[in-house]
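Just one chain follows, in the form predicted alone, and it is written as structure tokens.
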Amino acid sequence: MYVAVKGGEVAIDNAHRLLADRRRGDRSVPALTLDQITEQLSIGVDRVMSEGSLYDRRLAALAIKQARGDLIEAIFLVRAYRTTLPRFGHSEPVDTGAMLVERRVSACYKDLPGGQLLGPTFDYTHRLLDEELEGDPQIETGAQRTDAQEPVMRVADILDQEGLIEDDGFIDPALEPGDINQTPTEFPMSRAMRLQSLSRGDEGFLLALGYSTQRGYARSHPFVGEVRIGEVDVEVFMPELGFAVPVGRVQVTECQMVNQFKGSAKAPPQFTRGYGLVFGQSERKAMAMSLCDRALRAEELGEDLVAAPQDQEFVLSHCDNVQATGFVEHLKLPHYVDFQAELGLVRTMRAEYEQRTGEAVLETREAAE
């Protein structure tokens, strides 16, 4: 923190008090509770958990309240809090195939095992303001399926049965994937570490990059193989028991994009995959992530690197909104010494320029006479 002038600490204290006052707002209006934020602003809570890289709805709601609804500031708060937590272990790989699915849609097949489950979505709503929500209207309970349910088979597995899509990749159980929290950033990064960075990257940045790939800046023609939202068990291996036990359940959104691929000298023509997995209900983020994941695999698949979404150093160095926020907002802090140095340099250069210009004008006049 800069305290560059006398009285700076007093001004900062006053700014904090004013911030708290504006956060509370009109005292005649009831204060927001964390339960209200968690239950009624759940999409915002899910984004803060995902990009804050910490699954805790209460803390995400607290951060949103503290940040006055500024989600990026709330993400910053959660990420900072996360650094204070001890790490006592790691979970086993989550099996999204066993997900308790609430929403599942595919753009590749109309009829597929388990069916299309629309779930809670804005996809089919009219973009019109509902003035009834100004009050507290009576809301009907959501419909639930009561018939016997088929297993919700992955669309990629259907294509894989015919050998029309690339393998999902072999993971050596003895080889732990890299951890972006424990390993300094070095390029090129493994796909596992790229996915970690993308999963907690800024939704807007990834959305713009994903959009650019569809407009020709990576020659991507994707199909939504599947988007699914639901709950998965988190298991931790217990050495004293010799097996893994469930320690909780989290809601996640998973997206698998199916992309065209003409094949190469080493691979036959087949579809390739782009993958996205994020906390909570964040399907726009998961879709954008999967588009970027596929674009970042260009070199692996022998494709030409012609666009920004294919440049992992560009994408991964700029997708983190906490880092981006700090770097941009530090410009608001005092840079008096730097600016005075620049100011002196510009004044000197300006004087030299005017001197040269004056001399040139004088020489021109003398030559004319």
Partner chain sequence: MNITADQTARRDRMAVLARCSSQRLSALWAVLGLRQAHTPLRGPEAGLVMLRGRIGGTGEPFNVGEATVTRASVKLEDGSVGHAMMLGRDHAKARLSAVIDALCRNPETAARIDAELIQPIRRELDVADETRRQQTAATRVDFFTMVRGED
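Residue numbers count along the first chain shown, from 1. All values reported here derive from a predicted model rather than from experimental measurement.
A second form of this protein, the form predicted together with the partner chain, is not displayed here; the remarks below concern that form.
Proximity to the partner chain in the model of the complex, single hit among I139, A80, L133, L118 (heavy atom within 4.5 Å) | Selected residue: L118.
Heavy atom within 4.5 Å of the partner chain in the model of the complex: which of V227, L71, I165, L195 fits that? Just give me the one.
-> Among V227, L71, I165, L195, a heavy atom within 4.5 Å of the partner chain in the model of the complex occurs only for L195.
Specify the contacting stretch among 304 to 312, 46 to 54, 22 to 30, 326 to 334, defined as having any heavy atom within 4.5 Å of the partner chain in the model of the complex.
-> Among the candidates, contact is made by 46 to 54.
4.5 Å heavy atom contact, H221 and the partner chain in the model of the complex = Close contact is absent here: in the model of the complex, H221 is far from the partner chain, nothing within 4.5 Å, heavy atoms only.
Is there a non-hydrogen atom of G89 within 4.5 angstroms of a non-hydrogen atom of the partner chain in the model of the complex?
-> Yes, G89 is a contact residue.
4.5 Å heavy atom contact, Y275 to the partner chain in the model of the complex | Residue-level check for Y275: yes, a contact with the partner chain.
Given that the partner is absent here, does L175 sit within 4.5 Å of the partner chain in the model of the complex, heavy atoms only?
-> Because a heavy atom of L175 falls inside 4.5 Å of the partner chain in the model of the complex, the answer is yes.
Contact check for R215, N259 and P269 against the partner chain in the model of the complex, heavy atom at 4.5 Å = Not a single residue of the candidate spot has a heavy atom within 4.5 Å of the partner chain in the model of the complex.
For the stretch 211 to 233, return the residues whose heavy atoms include at least one within 4.5 Å of the partner chain in the model of the complex, in the order they occur.
-> Contacts from 211 to 233: just E231.
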